[in-house]
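Below, in structure tokens: the form predicted on its own, a single chain.
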Amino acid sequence: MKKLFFAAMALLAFSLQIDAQKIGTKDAKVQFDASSPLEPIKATNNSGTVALNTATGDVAARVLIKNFIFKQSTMQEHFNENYLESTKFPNSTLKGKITNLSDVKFGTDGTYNAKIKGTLEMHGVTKDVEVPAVITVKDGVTSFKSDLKIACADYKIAIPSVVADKIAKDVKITIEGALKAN
């Protein structure tokens, strides 16, 4: 009887551990698009970090600003030195929680719309955000994609009047990747 009790407890602990699985990636693709009708301004960073606790819905993401790569080195230089000031503000972070966690079935293949509510910190400014995400589970692999728009002014990113027509005032940020068990 005692052995049966301990076996049942071990099975319960194992199943709780699976339910409380933490998954993440260190190579999320983050795209930045500040294009205007006058000029394409796009960059990609392939080293975003994302962590997700499937039991609680807690989400955390971080991107190193200087790792954004532009097609033109001059744009990259201005982005890091003048706009995002990557030496002074090296990271951007998102911390939040999936508010509709019960709609996402991490153990079942499918595509799920998730809503993340939290804070986005960029350029030394932290703002409350609501971020939509699409979570896809296929053959045991969880992937995600999320698009959000931010206003440069909200994060005290100054755009000189000389180039104001060439840079979008609202920037589109896309983050996507596959999450694996830690």
Partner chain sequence: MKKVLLVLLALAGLGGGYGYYMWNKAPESMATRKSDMGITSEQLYGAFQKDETAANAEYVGKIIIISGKVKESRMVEGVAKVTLEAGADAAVINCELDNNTVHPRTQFNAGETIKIKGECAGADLDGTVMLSHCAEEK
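Numbering follows the first chain given and starts at 1. Being a predicted model, the structure only gives us computed values, none of them experimental.
Not on display, but discussed next: the form predicted in complex with its partner chain.
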Completion exercise
Only one of 129-137, 55-63, 112-120, 147-155 has residues with a heavy atom within 4.5 Å of its partner chain in the predicted bound form, and that stretch is 55-63
Exercise for the section: State yes or no: in the predicted bound form, is some non-hydrogen atom of T87 no more than 4.5 angstroms from a non-hydrogen atom of its partner chain? Expected result: yes
Practice task
Would you check, heavy atoms only and a 4.5 Å threshold, whether T108 touches its partner chain in the predicted bound form?
Solution key: no
Practice task
Tell me, yes or no, whether F32 is in contact with its partner chain in the predicted bound form, where a contact means a heavy atom of each within 4.5 Å.
Solution key: no
Handout entry: Partner proximity in the predicted bound form: N46 to its partner chain, non-hydrogen atom cutoff 4.5 Å
Key = yes
Exercise for the section: Heavy atoms within 4.5 Å of its partner chain in the predicted bound form is the criterion; list the residues of 68-93 that meet it. Expected result: F68, I69, F70, K71, Q72, S73, T74, M75, Q76, H78, S86, T87, P90, N91, T93
